[in-house]
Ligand code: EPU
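Given as structure tokens, the chain that follows is alone and in the form predicted on its own.
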């Protein structure tokens, strides 16, 4: 058990925010994790415990006074299969895109629309990550998580996770109570293609794709993401900073009378999901920059650190954007990124 003192977290968050952790340790299996949790509960009861995965969905606004644990549990394995599905188990510390590529290489379908999403496997069910018409809940089977206080490992089914839009039970009811150690996904042996969302179909046509495959869809998704989203290795960011808000159908109809170009998708139950990026862009924030904190020039949903911005400066910018959208459209944006 190697616990380091006063460690900079700049290499461990994709925003590249330079804050420090009073204590820092990584773990690569359940035994190491249990030992660290025992240490924390016996020695540091009053201090904060913060879990880090890929650091791609967090904005640090201050130093962390407690213990930061980095999940590095590896491993990808097929645990069972039937005529229709194959069940793939991955360690929570595995890179998400690496897992997607492994599935594509073996012709396991279902994750192709989720290619190139930053972060690790463990965050995928916590956030119910999604892109281009697919969410984790669509391919999820079960996960294992260690209870922070009891040090017991609990298995969660799909129903147990209570998935919602960028939501799960781990972000509300059980927030701060469990550490996800592995996730098992149910993938198809015979693909069911999903190309209707966003620009996938257009990108397939642009690249001259003649035969549809999960590999072709993944390439299209990666091309689209690369063209719109900045590489965190070059410009600090955490991908989409805001959730796409949902409004009632009658509110959407009223907005459409005032703003004919407004972008919305019917999600059922009398609700419409609005494109947050469009709302932000209409308020004039796209390409905005003050100091090293800014709103990306190609995708208004992405807030960026051009070099030496503080987390507080980026948070302040996000607050101004929320106020601006609310004032213009009467719609309240919600941050997708976790604030620490």
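Positions refer to the first chain, counted from 1. Please read these numbers as outputs of a predicted model, since none were measured by experiment.
Omitted from view is the form predicted together with the named molecule, to which the following refers.
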Please run the contact check for residue 91 against the named molecule in the predicted bound form: heavy atoms, 4.5 angstroms, yes or no?
-> no
Could you confirm whether residue 239 comes within 4.5 Å of the named molecule in the predicted bound form, counting heavy atoms only?
-> yes
Indicate whether residue 288 is a 4.5 Å heavy atom neighbour of the named molecule in the predicted bound form.
-> no
Find out whether any non-hydrogen atom of residue 87 is located within 4.5 angstroms of the named molecule in the predicted bound form, and reply yes or no.
-> no
Are all three residues 59, 231 and 306 in contact with the named molecule in the predicted bound form, where contact means a non-hydrogen atom within 4.5 Å?
-> no
With the partner removed from view, which of 180-188, 144-152, 162-170, 77-85 is the stretch that lies within 4.5 Å of the named molecule in the predicted bound form, judged by heavy atom distances?
-> 162-170
Would you mind picking the one in 36, 50, 272, 300 that has a heavy atom within 4.5 Å of the named molecule in the predicted bound form?
-> 300
Heavy atom within 4.5 Å of the named molecule in the predicted bound form - the one residue of 193, 174, 259, 197 that qualifies | 197
